[in-house]
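Below, in structure tokens: the form predicted alone, a single chain.
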Amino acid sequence: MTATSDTTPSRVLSAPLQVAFDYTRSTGLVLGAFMTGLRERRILAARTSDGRVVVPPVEYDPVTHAAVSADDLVEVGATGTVVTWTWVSEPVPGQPLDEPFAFALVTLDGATAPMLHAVKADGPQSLQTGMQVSAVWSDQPQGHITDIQYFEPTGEARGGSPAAASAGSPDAPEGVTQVITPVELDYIYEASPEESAFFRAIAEGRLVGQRCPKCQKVYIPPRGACPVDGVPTAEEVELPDSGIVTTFCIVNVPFLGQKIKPPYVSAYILLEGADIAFLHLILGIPADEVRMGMKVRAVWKPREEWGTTVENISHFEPTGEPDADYESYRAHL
């Protein structure tokens, strides 16, 4: 975390954070047929044993619990009726439209159960329960629910004609077997007063923790209260930037946003004088030579690159000293 700069020591630091990844899901036969239909600008539904027509199709009959066959799906219309709706006056990134719109339950013609999608309209005053809407298709459907961009008040469905190649054509693309959905969470993280002191210190090239007045354990990064005794940790303790590796993991699998080419080591490092290890990188040694008890020291980035972040330390690397005895750190694993 890179905390925002703050020259007032009494104030806590905060920083915007983002968690994002692409979620890949296998569709299975039924949803795969549904997604393939969307790519062809067709909407497929499941007919259940009690006569309901459900879209998106269910994979198991809600009454008999029997598996639904992709061969038994039925096509419904791209027009329908608004059952209920809610107006979104301030869209957020990732929503179907970047202008005010409605999320609505729409019962498509031929279906008996509604589906959720976006409706584009000229303000909430132009929407009402029971109004007729039609799908507006993407110009380049990919086999995803977003192939229907949104619904709009009744008119001819736009976005081009159905795909030229039918599902049974030898020139037709293969059916959709998986979908990739970007997932993103943006939020503001506010550090505690103790964490704020830690980040301010690391901006000065120092590592500070907090000591429990009762059990005398030293925690880094600091905690507001001792997890052992439950009392506030009031005393600040400055620690050296050297320590020992307790446990570690060799990262061999590449992932989105990775900054270091695998293999590399992520390790828990117990700084001298601390009672809890913290996580950082081990470089400067082949990954398969890293071991428990290895003594390491921080390698700091150039001072002009420092901020209020643990990334001021580029990584830890071996000191070349003899390994620590297991008994000296066994209680900190």
Partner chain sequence: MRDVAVVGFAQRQMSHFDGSPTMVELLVPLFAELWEQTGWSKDDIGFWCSGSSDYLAGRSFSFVSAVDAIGTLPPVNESHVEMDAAWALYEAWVKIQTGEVDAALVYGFGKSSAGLLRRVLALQLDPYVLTPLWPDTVSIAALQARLGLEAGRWSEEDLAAVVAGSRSAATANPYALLSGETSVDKLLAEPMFSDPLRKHDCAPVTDGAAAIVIAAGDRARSVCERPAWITGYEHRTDGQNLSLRDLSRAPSVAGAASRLDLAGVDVAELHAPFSHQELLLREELGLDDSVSVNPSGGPLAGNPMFSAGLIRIGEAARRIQDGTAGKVLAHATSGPALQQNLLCVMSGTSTGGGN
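Under this definition, the rigid core comprises the largest set of C-alpha atoms superposing within 1.5 Å between the forms. Treat the numbers as computed from the prediction; the structure is a model and nothing was measured. Positions refer to the first chain, counted from 1.
As for the form predicted in complex with its partner chain, it is not shown, yet the points below apply to it.
Proximity to its partner chain in the predicted bound form, taken as heavy atoms within 4.5 Å, picks out 32 to 40 from the listed stretches 32 to 40, 263 to 271, 279 to 287, 294 to 302.
Using a 4.5 Å heavy atom cutoff, D186, Y189 and G230 all lie near its partner chain in the predicted bound form. Its partner chain is not shown here, but in the predicted bound form it comes within 4.5 Å of a heavy atom of P96.
Interface residue remark: A70 is not counted as part of the site for its partner chain in the predicted bound form, having no heavy atom within 4.5 Å. Contact between E90 and its partner chain in the predicted bound form is found at the 4.5 Å heavy atom cutoff. Using a 4.5 angstroms threshold between heavy atoms, V310 stays clear of its partner chain in the predicted bound form. Checked against its partner chain in the predicted bound form, the residues I220, A121, L105, C212 give one hit for a heavy atom within 4.5 Å, which is L105.
Interface residue among G77, P193, G205, P240, judged by heavy atoms within 4.5 Å of its partner chain in the predicted bound form: P193. Residues of 48 to 67 lying near its partner chain in the predicted bound form, listed in sequence order, are R52, V54, V55, P56, V58, P62, the criterion being any heavy atom within 4.5 Å. The two forms, fitted on the rigid core, differ between the shown form and the other one by 2 Å or more at the CA of I276.
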